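Have a look below at one chain only, the form predicted alone, in structure tokens format.
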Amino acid sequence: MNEMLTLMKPELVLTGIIFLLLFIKLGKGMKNETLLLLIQVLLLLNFISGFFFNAEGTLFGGMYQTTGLMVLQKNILNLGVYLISLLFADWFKKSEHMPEFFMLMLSALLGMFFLISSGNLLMFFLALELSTIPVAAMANFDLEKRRSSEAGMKMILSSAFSSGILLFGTSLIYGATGTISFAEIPFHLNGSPLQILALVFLFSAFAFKLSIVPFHLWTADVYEGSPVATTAFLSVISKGAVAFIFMATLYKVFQPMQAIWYNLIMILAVATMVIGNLFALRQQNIKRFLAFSSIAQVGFILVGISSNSTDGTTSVVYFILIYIFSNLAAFGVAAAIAAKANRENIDDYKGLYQSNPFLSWVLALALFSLAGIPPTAGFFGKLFLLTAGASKGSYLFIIIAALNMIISLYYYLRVVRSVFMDKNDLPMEKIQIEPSAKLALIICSAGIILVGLLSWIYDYIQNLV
């Protein structure tokens, strides 16, 4: 029992918070302001607890496993959820069903934790479903808006389709190897046509979850129609968790078939970066813009994963930490402007600096980091991803990735130019943001600068790997 309490501490703490929210909802309830403050404190304590009393080991015959790296990955996701609770405080306070939203979000996060720690295909599939189904309900949380219902429907249909593909792939793996244990599967892989087919199915299912081209078509519509808190969760937390488990699955389970999946990753990474960038160039709605931007970022994550090395693992985990700060800062600014000024188009951001210098600088920092401009952390994150990818010697692949960084500069700087240099016939008024949202934006801005400059963070991740 003591071993289980120690090894499963992240999941048990999260489960405790979910049940506490359920009891509060079933009881007399609280005012949204009081409840939100309690949730923020609980999520902060949850994040802090991730640094203490951790252990490595396995449970339930290898179904559940944990290492220092897995604990760090879970805590990175904990940090992202805590920042979401701060950033979108204004929306949460106005929501009639705030406890339900947090129960859904934390249930999805719990599924992601089990996904990261899964040791066999059965646990993996159950965890994936737990992490997916609540998000579809979150996408449909603006009940009075038709776009939100459409987003929820598209999310559940695409998730059901990808889950079906994944389940078929896992059944083929079991049929070809005779085992569902991640530790035993590699010893039975020999590259037979059936195993290659199973790998393609599993790869396709992950591609849906990560919005890899050509499985990305649901992304922009769901991002645009969902509440901005859900969009941020999908863009940052969901993608981060799936990237972690995708990398671990390829490295540990499908290591003997590396020559096959490396070619798959190369082709899809290039397609994802190019399509994501080209579509981002054309967007006017800020949420759709950030959606295609996040698709392009996934292409760079694939470059790091392709290296199949400790440097690849380190660079991916490091980049996702940076990506959480950068993307949440951008979404936080977009949410504040949409809530207070009811503006979502990039043209509406013209002259924003004149009336809202704080929001303008935070948005500029976030976009500079996403573009990979020094001295922001995004520059170091992409540098390490490209360096890891280059270790395989496919220099044309790396050159294409680097050229895509240059393309992305154009559309990120287009927004920055609108904010700082263009004039607006209808200038935006001064926007008053919640103190907690301001704190979150300051934390994100500090993270964008400090994570790149403090080299010990990268070294710490590398030591865990």
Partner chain sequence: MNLSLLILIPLLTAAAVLLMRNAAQVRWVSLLGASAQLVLAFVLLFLFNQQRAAGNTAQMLFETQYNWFPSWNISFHLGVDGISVAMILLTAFVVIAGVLVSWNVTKMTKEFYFLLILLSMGAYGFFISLDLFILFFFLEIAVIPKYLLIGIWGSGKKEYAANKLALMLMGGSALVLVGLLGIYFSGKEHSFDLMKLAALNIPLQIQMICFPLLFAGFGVFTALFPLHTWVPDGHSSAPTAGSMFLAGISMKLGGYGCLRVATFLMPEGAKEYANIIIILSVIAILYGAFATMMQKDLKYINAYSSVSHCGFVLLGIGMLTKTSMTGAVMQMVSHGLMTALFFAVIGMIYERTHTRQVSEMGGLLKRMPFIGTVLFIVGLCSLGLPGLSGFVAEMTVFMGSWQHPDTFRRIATILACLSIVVTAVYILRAITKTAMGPLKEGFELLTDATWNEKLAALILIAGIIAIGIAPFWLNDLIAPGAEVIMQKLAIPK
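Just so we're clear, the structure is a prediction, and the values are computed from it rather than from any experiment. Numbering follows the first chain given and starts at 1.
This protein has a second form, the form predicted in complex with its partner chain, left out of what is shown; the following refers to that one.
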Partner-facing stretch of 350-358, 145-153, 215-223, 331-339, counted where any non-hydrogen atom is within 4.5 angstroms of its partner chain in the predicted complex
350-358
Would its partner chain be touched by all three of F380, A402 and S455 in the predicted complex, meaning a heavy atom each within 4.5 Å?
yes
Although its partner chain is absent from this view, report whether F187 comes within 4.5 Å of it in the predicted complex, heavy atoms only.
no
Can you tell me whether P374 touches its partner chain? I mean in the predicted complex, with a 4.5 angstroms heavy atom cut-off.
yes
In the predicted complex, does D422 have a heavy atom within 4.5 Å of its partner chain?
yes
Answer for L409 alone: is it within 4.5 Å of its partner chain in the predicted complex, judged on heavy atom distances?
yes
Could you check which residue among A232, A388, I295, M138 gets a heavy atom within 4.5 Å of its partner chain in the predicted complex?
A388
Considering F289, F244, F102, Y318, which brings a non-hydrogen atom within 4.5 Å of its partner chain in the predicted complex?
Y318
